[in-house]
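Just one chain follows, in the form predicted alone, and it is written as structure tokens.
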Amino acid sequence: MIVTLSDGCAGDLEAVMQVMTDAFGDRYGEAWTRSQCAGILPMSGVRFVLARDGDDQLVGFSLYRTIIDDAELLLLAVGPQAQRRGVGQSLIKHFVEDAKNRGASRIHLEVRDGNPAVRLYEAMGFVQSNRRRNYYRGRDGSKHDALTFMLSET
């Protein structure tokens, strides 16, 4: 799938929330609320990147922050219809390139243990560096570990 990446803004949050709802199962507690997303957008170093398909439909997004030499991928979601078609890979490549261009020497992310995206992150050069026990809480009360990954070659 060919995607176009562009900067997003608060006006894009409605469409982004739909992608996040479609991409994240609510049983894991990974999705952010609209107010959480809106609250972080004006902060220093935050980038919001949208992925659109050839029909100009929003199919994914990333939200990340670079402060001095530290870059963290805060959110990445790809709608189910676009998964396994290179959208996530494009968003991660953009994140890493932008972070390096902004001077980041430490590039990291966090993901729920068992999330299929772990394979993608590992394929993109990220290695697990930590585990946070019972970090995510699903709506049903279930608890899930969070895994921290660092880019191995920065």
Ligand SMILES: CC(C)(COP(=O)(O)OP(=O)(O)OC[C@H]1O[C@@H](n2cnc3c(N)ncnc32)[C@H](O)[C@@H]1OP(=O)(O)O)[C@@H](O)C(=O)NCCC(=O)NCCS
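Only a predicted model underlies this, so the values are computations on that prediction, with no experimental measurement involved. One-based numbering along the sequence shown.
As for the form predicted together with the named molecule, it is not shown, yet the points below apply to it.
Using a 4.5 angstroms heavy atom cutoff to the named molecule in the model of the complex, all of 78, 116 and 120 count as contacting.
When contacts are judged by a 4.5 Å heavy atom cut-off, residue 16 does not count as touching the named molecule in the model of the complex. Residue contact check for residue 24: one or more of its heavy atoms lie within 4.5 Å of the named molecule in the model of the complex.
Put simply, residue 100 is far from the named molecule in the model of the complex: not one heavy atom of it is within 4.5 Å. Although the partner is absent from this view, residue 51 stays clear of the named molecule in the model of the complex, with no non-hydrogen atom inside 4.5 angstroms. With the named molecule left out of view, the stretch that reaches within 4.5 Å of it through heavy atoms in the model of the complex is, among 100-108, 41-49, 81-89, 64-72, 81-89.
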